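You are given structure tokens for the same protein chain in two forms, set apart as structure 1 and structure 2.
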Structure 1
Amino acid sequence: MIFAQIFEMINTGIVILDKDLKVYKWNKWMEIHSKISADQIVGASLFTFFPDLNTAWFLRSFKSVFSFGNFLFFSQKLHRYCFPFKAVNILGLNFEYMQQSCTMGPLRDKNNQIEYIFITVQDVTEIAAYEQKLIEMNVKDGLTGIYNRRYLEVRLKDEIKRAKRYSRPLSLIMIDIDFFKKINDIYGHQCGDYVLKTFSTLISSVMRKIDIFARYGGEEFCCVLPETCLLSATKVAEKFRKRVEKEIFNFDGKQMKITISQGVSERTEKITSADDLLKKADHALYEAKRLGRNKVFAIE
């Protein structure tokens, strides 16, 4: 009686299966999260209700536990979940399904023979959400939500290695918002923050998914373009320039327009490091500013 109450009230899912993978026990936690009552599922094959579990890895795991009496653990980091239960949105992060850590083990009879297999299901969605948030904080810029300089430098090194190994083109655009200091001085830093965030969203919306867009520092940004030669990268930068130039920024009843200057560089045989490519793009950016700003300048 006491153990039956614990089985039903514990804040963990518990499933007990017989050797034919038919459900022998299905506790209240599993009922609540699956929306399947014990009366419906007990006596039926687990795969009748969860056909996606009918996989080689699950069958192999089940057979291993029944044959050798060992315990298996299914980590959330590796499997995400075993049972596709809808997740509650936590910390603003949208998991479609509850993130789970599961354990599979044997249940023996009085003769020490394995009669059933149990599976426990623990909801670790909140932990996974915290971990994802920490990862994002480490690679994303806190103000704009795009990648930060640390992430840019790591990815740029990787992209240079890949481009060199496979002899593929790689280009970099360095972007600076023209006269950004005046925006802060005239309208205030809150307006400046608004411009940075809106600008980041604007550029993100017109770039390719494979490109890497990051805030380099202050009002400077970088866009890494894999599989892109200098000529194509210059055309992309010109598209950015025109898109920003025609945008009207509205903040607190005030309307303003901004322009950007851009320096474009391409990896060549002489470019052996991320620093070299960044310096080349920075030099090109200086030339774009020297020529009057709201320009794109490319260095071969």
Structure 2
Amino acid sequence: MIFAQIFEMINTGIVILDKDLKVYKWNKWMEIHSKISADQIVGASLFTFFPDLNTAWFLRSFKSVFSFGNFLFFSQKLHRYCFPFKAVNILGLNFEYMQQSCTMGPLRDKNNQIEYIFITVQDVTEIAAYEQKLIEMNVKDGLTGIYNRRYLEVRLKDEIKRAKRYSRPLSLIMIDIDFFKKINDIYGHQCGDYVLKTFSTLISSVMRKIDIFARYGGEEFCCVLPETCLLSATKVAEKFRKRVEKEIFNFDGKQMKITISQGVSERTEKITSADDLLKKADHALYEAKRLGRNKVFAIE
């Protein structure tokens, strides 16, 4: 009696399934969030109501629990959710669906034989939203919204390790906006900020998703290109250069154009640290400026 009440009152979704994936129990929490009543779903196959769960991994998990009696933990980080329920939390507005942490495990009869399996569903949307905010604050540059220097340095270190481990190419582009101080001096710092923001958005829109674009310092930026050799990275830099050169920046009724100088470097056997790769790109950037700016310079 008492357990039956707890089963309905607990702030966790509980589903019990039989061997054929038919729903045996469906608690109140599941009713509320799924808008499917226990009367409707009990006795029916779970996949009738949740066809998206009919995947190889779900079946694999289900079979594994039935045969080994192990527990499976579906973390929010990897799966986001098992059951597509609307997010109910105000903080969770960044999420279309409730973020869930789910556990699957065996239920046994008197003879220790596994008769049913249970799935518990916990709403972790609020935690996930806080985490997302914290991560963003920690890794993003406040002005431009792209990654900050700290994140760049951490990721570059990771990527160098990966590239070394799998003997894969890795390149770095260092970008500097030409004569940026003049923009600040002539049009004011607000205009300077506008240029930095617009420039960041522009580059973000033309680069690949897997590349890491970050603000390195005042008007200096870096782009890490995993799985990319020097030649390809130079082509990417050239694409950036052309795109920026073409763009007309409008601020407060004034129109202006900017150009960028870029240094490109690639990880070689000799380069073991993030610092070394950054130094080499910085050196290439210096050459690009020395050659008259609005240039791409690559160092082998």
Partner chain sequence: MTKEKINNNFSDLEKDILQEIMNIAFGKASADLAELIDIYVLLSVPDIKIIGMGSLPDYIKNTISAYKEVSIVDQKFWGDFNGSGILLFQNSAGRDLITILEDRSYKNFEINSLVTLEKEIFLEIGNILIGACVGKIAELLNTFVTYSPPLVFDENSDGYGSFPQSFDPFQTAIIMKTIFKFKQKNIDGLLLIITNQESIGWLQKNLHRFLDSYQ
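In this text the structure is predicted, and so the values were computed from the model without any measurement. All residue numbers here refer to structure 1's sequence, counted from 1. Take the two forms, superpose them, and find the largest set of C-alpha atoms that agree within 1.5 Å; that set is the rigid core.
Each structure shows the same chain on its own, and structure 1 is the form predicted on its own. A rigid-body turn of 29° separates the smaller part from the larger between structure 1 and structure 2.
Its Cα shifted by 3.2 Å, Ala129 is compared between structure 1 and structure 2 on a rigid core fit. In the core-superposed comparison between structure 1 and structure 2, the CA atom of Leu59 travels 12.7 Å.
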